[in-house]
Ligand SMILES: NC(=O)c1ccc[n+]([C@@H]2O[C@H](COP(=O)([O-])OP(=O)(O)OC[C@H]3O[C@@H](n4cnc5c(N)ncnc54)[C@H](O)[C@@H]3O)[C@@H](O)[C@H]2O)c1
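Here you get one chain, nothing else, as structure tokens; it is the form predicted alone.
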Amino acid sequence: MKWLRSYVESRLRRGISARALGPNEARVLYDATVTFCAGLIALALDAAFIRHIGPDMRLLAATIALVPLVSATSLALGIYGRLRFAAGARKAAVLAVAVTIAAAGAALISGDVPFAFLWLAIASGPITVARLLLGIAQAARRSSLAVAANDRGPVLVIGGAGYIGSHAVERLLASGHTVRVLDRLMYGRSSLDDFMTNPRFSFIEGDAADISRLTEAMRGASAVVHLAGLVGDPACAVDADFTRHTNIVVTRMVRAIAQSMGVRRFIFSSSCSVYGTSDQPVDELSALNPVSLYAQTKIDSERELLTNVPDDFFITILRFATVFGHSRRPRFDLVGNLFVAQAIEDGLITVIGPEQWRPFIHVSDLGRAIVETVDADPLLVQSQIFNVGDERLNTTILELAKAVQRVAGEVRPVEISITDDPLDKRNYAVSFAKIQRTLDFRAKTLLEDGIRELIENHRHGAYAHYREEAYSNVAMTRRALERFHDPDELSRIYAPLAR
């Protein structure tokens, strides 16, 4: 089953530690521990007060069998599945049935009814009472937070005016979702113009770091797609403090507010840059090897998000391949887009590090991947990491340049200049088998089609010169730094919420 395979992969990736335990895993471990300890106590009492001799092998077998009996019976009755969100009293009642069935099984295995009754008396209290107490605590928590959960509420896209965000908005609206965007409009609002008249679209201007705006945007949302943050190695290298604040601290805050307001789904945009350098194709279980601050902040954010995830909060990490293609908010600090701009405007593509491998994905396909994740069975995507791309688009930087040269050559002659000593040390090919297997996702736009689309937009005057500041994340990051270091601005966005 898909969900079981996804769970096994997630469990292997998270490792073995108390912090890595999910809520269901903690329940199973608790039930198993109580079951086994109660069995040992019942075994000792049976030997001391009933048999007056040591226990026989059938009793030992029954004691050991009680753990899988309780786990299997609880699973079959839905304690670890459909009843995870049920009231504490209902779960306690179902667990009482489960331990009674397990006790009957122990009596059959051991042939010793007093032993089975002893175990039932010892185990049933801790197992059922724990669920009652947890149910009371969870009910109080939900009441105190005035949860505004709404499974039919809008999908909030944080950073929805951006390069990827505008495609995500378009795809979500096309699939029937109501969409709300929170964006500070660092690059202007023209990327949202096509959506403003749509009755299922709404927009809130503001920074994700602004608690007041973030809370307003989150109210009633059914899902959050968190795309905001500093993107790319050069932009993140401008100011390390600003990068960590924007990419880690703000992400932590977005999760906390989403969870407290009853939002059910949280999709976070990470990057295949986390793999750094590798001589072998990498997948979601491969070791991470960041070679930039940008990649490290993505790793740190992933770890923050996937720690102690509650049952009713479904977090999914999407590690995007290197994106390219036309967008309502163009970028030319991406290698594929830059090569096309150089070819059309200069007739010369400058290649640095020709043998480096990269995975590529068209920006519209990332929009599709986001929608498919929002619409997926939550059990398939809970606490999962997916590489988002297509192995057909794994290629070297030189091969990418040759593809651009080939397509752009239909318009004008294009030469390639090669430098073998790159500052960027990334080199990796990526497996996308997991997202293809789990969500049936494959790219629809391959390299040459995406290149041709960019060329056509260049020829029809869709872009200014590619060296303009508006197309560079580095230049715009330097502007944003002025606000970040302004004490008045910081005191405003982190001010207490008005009562």
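Everything numeric in this text was worked out from a predicted model, so none of it was measured. The first residue of the shown sequence is 1; numbering continues from there.
The next section is about a form of this same protein that is not shown, the form predicted together with the ligand.
The stretch in contact with the ligand in the predicted complex, judged by heavy atoms within 4.5 Å, is 205-213, chosen from 338-346, 69-77, 205-213, 391-399.
With the partner omitted from this view, the residue of Leu185, Ile352, Val94, Ile416 that lies near the ligand in the predicted complex is Leu185 [heavy atom within 4.5 Å].
Of the listed positions (Thr322, Ser292, Ser383, Gln356), a single one reaches within 4.5 angstroms of the ligand by any non-hydrogen atom in the predicted complex, namely Thr322. A residue is said to contact a partner when one of its heavy atoms sits within 4.5 Å of a partner heavy atom; Tyr163 meets this definition for the ligand in the predicted complex. Looking at Gly229, you'd find a heavy atom of it within 4.5 angstroms of the ligand in the predicted complex. At the 4.5 Å threshold, heavy atoms of Ser110 stay clear of the ligand in the predicted complex, well away from it. Taking the partner from elsewhere, His326 is found to have every heavy atom lying beyond 4.5 Å of the ligand in the predicted complex. Across the proposed site, Ser364, Ser431 and Leu447 without exception lack any heavy atom within 4.5 Å of the ligand in the predicted complex.
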